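One chain is shown next in structure tokens, namely the form predicted on its own.
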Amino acid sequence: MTLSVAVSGASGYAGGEILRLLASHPDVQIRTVTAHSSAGQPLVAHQPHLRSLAHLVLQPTTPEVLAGHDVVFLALPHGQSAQYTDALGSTPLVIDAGADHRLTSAEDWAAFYGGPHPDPWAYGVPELPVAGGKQRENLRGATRIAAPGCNASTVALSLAPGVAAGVIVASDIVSVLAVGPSGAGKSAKTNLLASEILGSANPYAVGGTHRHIPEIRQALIAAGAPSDGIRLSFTPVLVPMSRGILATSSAPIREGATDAEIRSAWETAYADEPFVELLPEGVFPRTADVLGANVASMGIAIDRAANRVTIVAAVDNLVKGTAGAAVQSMNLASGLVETTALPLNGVAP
């Protein structure tokens, strides 16, 4: 079985990373790539590293161009994907790498995004612990999938095992993230210029305003946290690395939970997961360790003096954070081997 694929937003970072992964996928034919202002130009004019796709020309992002494929990836800014939903009704599988279909709560959508609330789709984080198992089972055979926000999935994967096992309390979670600017997309913005970022660390969306907060809450509720019992302080900080997220999250230890039970919660949750790595006790990841890999790497510390568990997780925001999650979800939905075309090894130095 060979799937014909179209990728919208192919001139951007997320679209380019989806194409990089799909280019080595044995069950995929990349037939169409689309963009807006750069339509009519060769793909390699915007993605010069994708040499094997040099024959492709960017077409306009219209329903007519995207229709007629087995799989369509929508790698568009938030608010732009939903307009294609009805027009792609006959497409067997649509995967949105934007935010439009992630949130189940219309109230959260209104508070953090605004405008009409699009229908929620299956959430594309296969390893995420949910009531009764893993999110993977909700992706098998799915026809509409919402790839996650990179910060959101990193924090959710960090905390969900402890929530599901009942060894941490969700009422006082603190997450601070060092993030690379590629997560903000490829559009030119003054605050993302090299002269503004190099040699500096810059906090943004401080004080509960980041749009990934309701997505994290939604994931933790799915893992078993009470909907009215989650309190999350979430602070991202831009740092001068093109790719990567290093998320440091902590939560109180539930009364009576032993050190062995705490570590076992994460060991059990991710023991059989090829793309979530729990490091040995006392070892913590670096973003460099996961560069180019579809891997979330994490270490755990139990701080009895503060009565908290601290989880440090590293991902490549463009791979495991976005494109890798989208392709992994496509494999599951299409009945393919889940790990196909997804890199386990990173790039060093």
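Numbering starts at 1 and follows the sequence shown. Here the structure is a predicted model, which means the values were calculated and not measured.
Unshown form predicted in complex with a further copy of the same chain; subsequent notes refer to it.
Comparing 128-136, 243-251, 68-76, 96-104 against a further copy of the same chain in the model of the complex, the single stretch with non-hydrogen atoms within 4.5 angstroms of it is 243-251.
In the model of the complex, a further copy of the same chain lies within 4.5 Å of some heavy atom of P181. Taking non-hydrogen atoms only, L56 never approaches a further copy of the same chain to within 4.5 angstroms in the model of the complex. When a further copy of the same chain is considered in the model of the complex, E277 lines it closely, a heavy atom lying within 4.5 Å. a further copy of the same chain is not shown here, but in the model of the complex it comes within 4.5 Å of a heavy atom of A288.
Not one of G115, T143 and D272 comes within 4.5 Å of a further copy of the same chain in the model of the complex, counting any heavy atom. When a further copy of the same chain is considered in the model of the complex, only one residue from A165, L232, A257, V169 comes within 4.5 Å through any heavy atom, namely L232. Contact annotation for 327-349: residues with any non-hydrogen atom within 4.5 angstroms of a further copy of the same chain in the model of the complex are L344, N345, G346, V347, A348, P349, listed in sequence order.
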